[in-house]
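This document opens with one chain alone, in structure tokens, the form predicted on its own.
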Amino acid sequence: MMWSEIDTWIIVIGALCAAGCAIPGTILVLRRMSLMGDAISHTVLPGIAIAFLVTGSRDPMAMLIGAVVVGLLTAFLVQAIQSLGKVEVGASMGIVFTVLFAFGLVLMRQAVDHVDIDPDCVLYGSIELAWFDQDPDGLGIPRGAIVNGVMLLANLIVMLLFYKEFKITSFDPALAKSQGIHPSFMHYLLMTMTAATAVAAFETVGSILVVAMFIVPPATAYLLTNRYGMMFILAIGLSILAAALGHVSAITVPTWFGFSGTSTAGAMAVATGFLFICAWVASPSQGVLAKLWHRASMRLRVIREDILGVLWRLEERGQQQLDALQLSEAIGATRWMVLVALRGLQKKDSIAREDAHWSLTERGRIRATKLVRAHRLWEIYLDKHFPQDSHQLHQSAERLEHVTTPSMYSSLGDAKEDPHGSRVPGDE
């Protein structure tokens, strides 16, 4: 792989663009308005087309004004259709952005014959060519870096100035209003940021792929943290990482299959999806692996407690101990899970093994007594307040005994005998 200054600037421009999109995108994700970012990034197209037709040039200020106006119009129309037409918010967004986007394509096709603009550039971006559009002062800085850098800086300033206001209005608009903060003003300020950022990103990643920059890095950060400030930091960091990873993969991965390369903007969007999948799988709090581990741990804990309960009831009846296979049949778990649970109980000195059979130790007997007490108290409570047959009582109490805390015992009472006539053991 041959690396050049152009490759460095492609990553810099992509990182500035993605980081700028991540700031308003994070607020949109927190407000559950991700589709609004999609809508605005598409509906600013008619604003840009109108600016082209009116001015006859690609003046950045005219583009920005046209896009912001149409972006605000999009937000207003969505709310109007939702409130006046009693239409669900997702449907109202879909109505507005598809109609305005189609209208923008019609205008763009008209503008092609009169203005120097490439529709493919607007839709897909041209980050590979951004380095050749140099700063007019001759500093060797591409115009795309300046535009996206200024937009990133502007978004950072707005976010720092209205940090508390965005936070309160995102989670509790009613509280914000009671404190003198206007939720509607913050909403339209966010829409302005989104529209302006979309315009700045058009020449870099295009109107379609900018949606990924708005949504995917913040959604990935949301999987990794539940802290407001940290989510912005992670979203920006993941955006920058996706930009670098996307360009490197765009110029290397296709060569493995005999191709010269692929779209860098598209590869950056794919990279954001790859990072999201990694977070979705490996997030320590919300990842698939963490949830599977938590479920397996909970299942093992329940099996361990069921084993203690079965052994305690055998002692109560004066019956013999059980081996692993018999325990597996008694509690309805696989033999492998039972063996793992038995090893865990043995390490905690809750059970002891005699030949091929298992029995309770003194420590395990104390713990099992508490479980059986909770089970039988729940049966009494359920029989008193929610009468049902004895089999249902046992099944319900069997689930509740595993989540009983010491503070619950006072509510369950202190009866001596359960509905089946069995003794309720004392709180030993």
Partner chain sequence: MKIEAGHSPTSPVSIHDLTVAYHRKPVLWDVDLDIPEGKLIAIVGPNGAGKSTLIKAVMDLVPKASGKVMIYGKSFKKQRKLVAYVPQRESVDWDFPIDALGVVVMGRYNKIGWCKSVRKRDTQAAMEALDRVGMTDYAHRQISQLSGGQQQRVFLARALAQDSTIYFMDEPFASVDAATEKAIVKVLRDLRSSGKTVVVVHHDLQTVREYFDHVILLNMRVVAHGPVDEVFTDANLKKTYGGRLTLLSEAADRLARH
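Fair warning: this is a prediction, and the values are worked out from it, not measured in the lab. Positions refer to the first chain, counted from 1.
What follows is about the form predicted together with the partner chain, which we do not show.
Only one of 156-164, 338-346, 67-75, 245-253 lies within 4.5 Å of the partner chain in the predicted complex by heavy atoms, and it is 156-164. A heavy atom within 4.5 Å of the partner chain in the predicted complex is found for exactly one of 329, 172, 88, 323: 172. A single residue from the set 357, 182, 299, 313 has any heavy atom within 4.5 angstroms of the partner chain in the predicted complex; that residue is 182. Contact annotation for residue 231: at least one heavy atom lies within 4.5 Å of the partner chain in the predicted complex.
Taking non-hydrogen atoms only, residue 280 never approaches the partner chain to within 4.5 angstroms in the predicted complex. In the predicted complex, residue 178 approaches the partner chain with a heavy atom inside 4.5 Å. Taking the partner from elsewhere, residue 168 is found to have a heavy atom lying within 4.5 Å of the partner chain in the predicted complex.
For the marked spot (83, 186 and 226), a heavy atom within 4.5 Å of the partner chain in the predicted complex is present in each of the three residues. Along 346-383, no residue reaches a heavy atom to within 4.5 Å of the partner chain in the predicted complex.
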